[in-house]
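Starting off, we have a lone chain in the form predicted on its own, written out as structure tokens.
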């Protein structure tokens, strides 16, 4: 896709004026970093608070009598038992049980839902969901009219207090509320992709610049780009669609078997369930801590310690600024005998780097679930 064909968020000019380095991402021109650089933005988010332009994401509404039951059939995690006011991480699967997308479902009312999807899968998701809804249920793609800014970091609640909100009334982890910030009506959820205390703001796209500029006037708020967002999520072991999740992978292989609770809901049927129940996983997602600071990037081969047996492939890898070491996530073959503590070798260009399989997340000190 040429630069002329790439989409721009309503905040594009703000990023350019701030000196951001713009890169293509999922068909959009997005800021990968600002003048201070990725590590500085990463550390500022971990220690203070940052804002991220996430206006490229897709948003849908699903409304009408029977909407909950319909989504319960379409999505891998239950929807019918989701309470109003709750956000739930979920998966859209194909009939083979492979992941078409990971998404978040907001239950706004008894039969009223707001769904947030990845930018690169927006149109395929829309087709898959809308084509499986019964007559009488209304599906609307509201992405182009919706702005999304993520406020992330241990001081994010203090920022909202400075903006006039009552900290005691802020939503709990994976809950949402409706509020007003700087005279702008918002859907505010306590969610995010960094592992830190954070909130996601959804509001009218026409007021995106106004909201962005206002948030930057508040104490310690700085902008952060996709580079820091990626290192932050990697340290937390969060899957990224197109890397850990894709059309070649089931959510069970990605480590979400406990979340799906298939054994607890044997009578519940959804698209892809038969494949999940019938096919044994052939690979599993693991975390690897590398010896030293040099990273093994996406696509790097994972070898057994003998250096000759190929047992897997890296899906994400980088230097982890909060930890001072390089880390990676990788899929390894189920029959390779790999477990926590296993030694492996990863390729990095012409070099081979030893590593040790470890539990995820790599960073266990995030403030995401902090009580306010």
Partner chain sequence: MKYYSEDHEWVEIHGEEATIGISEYAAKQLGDITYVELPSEDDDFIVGDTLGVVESVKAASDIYSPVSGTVVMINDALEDEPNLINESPEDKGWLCKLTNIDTSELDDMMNVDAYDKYLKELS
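Just so you know, these numbers come straight off a predicted model, no measurement behind them. Positions refer to the first chain, counted from 1.
A second form of this protein, the form predicted together with its partner chain, is not displayed here; the remarks below concern that form.
The partner is not drawn, yet in the predicted bound form one stretch among 226 to 234, 100 to 108, 80 to 88, 148 to 156 has residues with heavy atoms inside 4.5 Å of its partner chain: 226 to 234. Residue in contact with its partner chain in the predicted bound form (any heavy atom within 4.5 Å), chosen from 261, 178, 268, 297: 297. Scanning 26, 345, 338, 32 against its partner chain in the predicted bound form with a 4.5 Å heavy atom cut-off leaves one residue, 32.
Interface residue remark: residue 319 is counted as part of the site for its partner chain in the predicted bound form, having a heavy atom within 4.5 Å.
Although the partner is absent from this view, residue 40 contacts its partner chain in the predicted bound form, with a non-hydrogen atom inside 4.5 angstroms. Although the partner is absent here, residue 219 sits far enough away that none of its heavy atoms falls within 4.5 Å of its partner chain in the predicted bound form.
Remark: residue 293 counts among the residues lining its partner chain in the predicted bound form, judged by a heavy atom distance of 4.5 Å or less.
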